[in-house]
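You are given structure tokens for the same protein chain in two forms, set apart as structure 1 and structure 2.
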Structure 1
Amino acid sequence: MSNETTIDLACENISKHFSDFTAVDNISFTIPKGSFFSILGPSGCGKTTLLRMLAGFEQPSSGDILIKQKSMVDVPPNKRPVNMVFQHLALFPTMNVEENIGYGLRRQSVPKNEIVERVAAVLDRVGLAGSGTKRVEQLSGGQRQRIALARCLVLNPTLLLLDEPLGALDLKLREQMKIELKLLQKEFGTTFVYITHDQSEALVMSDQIAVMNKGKFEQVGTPHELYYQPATAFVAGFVGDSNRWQGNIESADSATVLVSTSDGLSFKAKIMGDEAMSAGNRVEIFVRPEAISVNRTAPSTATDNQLVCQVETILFDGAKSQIIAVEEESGGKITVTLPQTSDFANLQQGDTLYLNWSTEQTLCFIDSSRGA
């Protein structure tokens, strides 16, 4: 037997044009069986168009879509081994829970006794055993979400496509459902293709994430890779929180640059991306707020990047609290994570802070919006 990974989905040079607008631009990728694969990007980047092509609701202008190594081009949606969960769950209000889940099985003319068994089994697996006779309006938002998933998963699809399914939920329920979705995907072993503009959803749940921008994939990688090793300035700015500055390179060697920013700050940074960099290039710098060490007193040892700042604003949000600080001489601003220690419990506007961080945490990309 071959020990090669089974590929559930392969897209080969997929494009979609609407008149003179290109929504999806020559994308190729594969998804292994049993993966949680997310497509993350801003509104209008093409991710929903791509999902609709996978489902069969749109036909690609060029390229091929293969599910289990079989081309799906010209295969209608109801003939594909695919199911889809939308943001608006579209449960049938006139049917109870069992009838909603069994709807697709009845459409497939599955024997009644088998439908009863499969519905009961899937209800148990989504944690709603004994809820089969309930009406849809009796369910909470999270329970409805699980019923919508169960209705698809009971059909044993090769792919489950999810189009921003948590978007209509309140914040606390959305946080809870992120964990539930990840656990359900592992429980069923079904390949999930998940569309979202919410980076937190993608980072928490996914095995692999494709970051999409203007019809193309900027980078495909694990959440860890996208967060710590972004391939482009767009990924660095879109995934996670970052301080972001534009500036010019003062000097450069093979791996690092010294950059002066437009608001008068100066940083030593790590060269990122594929383009060569030299003195005079226009660049963008990214530093994550949590990468910056924050102290009340001057550190005893020097680091690559150091600033003495005053607190301008405290953005209190519990463990996610941040400080906006202003550098003494230039007036340049920087956002840092508020340390969760007693030293900072009484931090006030105007207090002095000593900030320091490494070159390794200071990512430099050529500024493609302005050119070199």
Structure 2
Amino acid sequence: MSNETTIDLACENISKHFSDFTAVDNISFTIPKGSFFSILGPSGCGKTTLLRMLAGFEQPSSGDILIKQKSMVDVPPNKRPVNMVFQHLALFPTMNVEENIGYGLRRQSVPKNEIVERVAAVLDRVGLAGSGTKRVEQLSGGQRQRIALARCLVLNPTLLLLDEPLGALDLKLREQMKIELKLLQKEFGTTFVYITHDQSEALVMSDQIAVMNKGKFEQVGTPHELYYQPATAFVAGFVGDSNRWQGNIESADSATVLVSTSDGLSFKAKIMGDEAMSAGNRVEIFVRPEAISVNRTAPSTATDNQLVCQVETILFDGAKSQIIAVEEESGGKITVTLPQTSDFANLQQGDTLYLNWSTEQTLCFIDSSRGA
């Protein structure tokens, strides 16, 4: 990956300031050829501005954008080897499917018969062979999605930018399109830059994800890394579901700390992040619901962290069902995954649960919300 020729996009210290705020704050990253790169962040984090700078619709205030080692800063959008799938797709309503897909080819003065061939070929590849003469409004949401992709992919761009294109679809179709997008990306081998606020989209499709917050990248890594080794409290909270407590460090050694939460619970946690920790620091700790082992009887061996709770609510959602449990003394709440074993088939409200998990799965970060 470090070989320079395989890098499609490199951003060097790019920033974008608007009159009263900084949308993108000194970001650098590289994207290797053929990968699916997602930028994940809440709305207003600057991801759209970043994408628009890549497309050329915004000029960076400082820094450089290199595509295949060529600076793009002075290249207008229509000259960049970059195409974009817009949030609402922006299929031209005055043109039919064929004309939409052929639009970019006509701009490159491709001969007419070749346009016809290439349009037919790309329609075939996205599974819509023969719908060239349809009008845009005759297509379903999923079909439009594929036409919007085909319209870009027919031009063989170095980089394909996608601006939350699945946002407008209903849930079922969105699940389906996630897989389809990933497969299409693999098939075409084009480098995708995908922005979204939906962590599940990012996790499913991406080779690499950058988590963005307040104009900066919090962490760049594989979905696995982000999920299991979040670099910051923001990433731990934003990617996947977690139980989250705030508390103070009682004691600390080189790798672990003992934290007493504001609920009055006490946990052993693993030190995460770059900052040093010592007794008295305010921290946040994160535990994933699925990392907690749930038993109806007290386990024989002791573990790092344990709690005895009563079932408050069962949130039934098939394989993703969860239990919200309450620790009696403190009243603190915790969410755990409902095990799909016969033991739990008749679980009732008020039943006692024994929860255990390891220090390794209890992630502790310095609480930054106070400083901010």
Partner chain sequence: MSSLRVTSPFKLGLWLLLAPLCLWLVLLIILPHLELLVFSFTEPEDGSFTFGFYQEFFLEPLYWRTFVRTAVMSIMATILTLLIAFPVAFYIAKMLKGRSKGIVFAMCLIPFWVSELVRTFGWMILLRESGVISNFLQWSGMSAGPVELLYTDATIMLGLVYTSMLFMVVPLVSTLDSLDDSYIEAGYDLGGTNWNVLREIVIPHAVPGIVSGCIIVFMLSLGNYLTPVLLGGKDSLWFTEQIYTQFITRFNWEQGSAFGLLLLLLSSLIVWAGLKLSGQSFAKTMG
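Note that the rigid core is defined as the largest set of C-alphas that superpose within 1.5 Å between two forms. A quick note: this is a predicted structure, and the numbers were derived from the prediction, not measured. Residue numbering: sequential along structure 1, first residue numbered 1.
One chain, two forms displayed separately, with the form predicted in complex with its partner chain being the second of them, structure 2. Once you line up the core between structure 1 and structure 2, the Cα of residue 137 ends up 2 Å or more from where it was.
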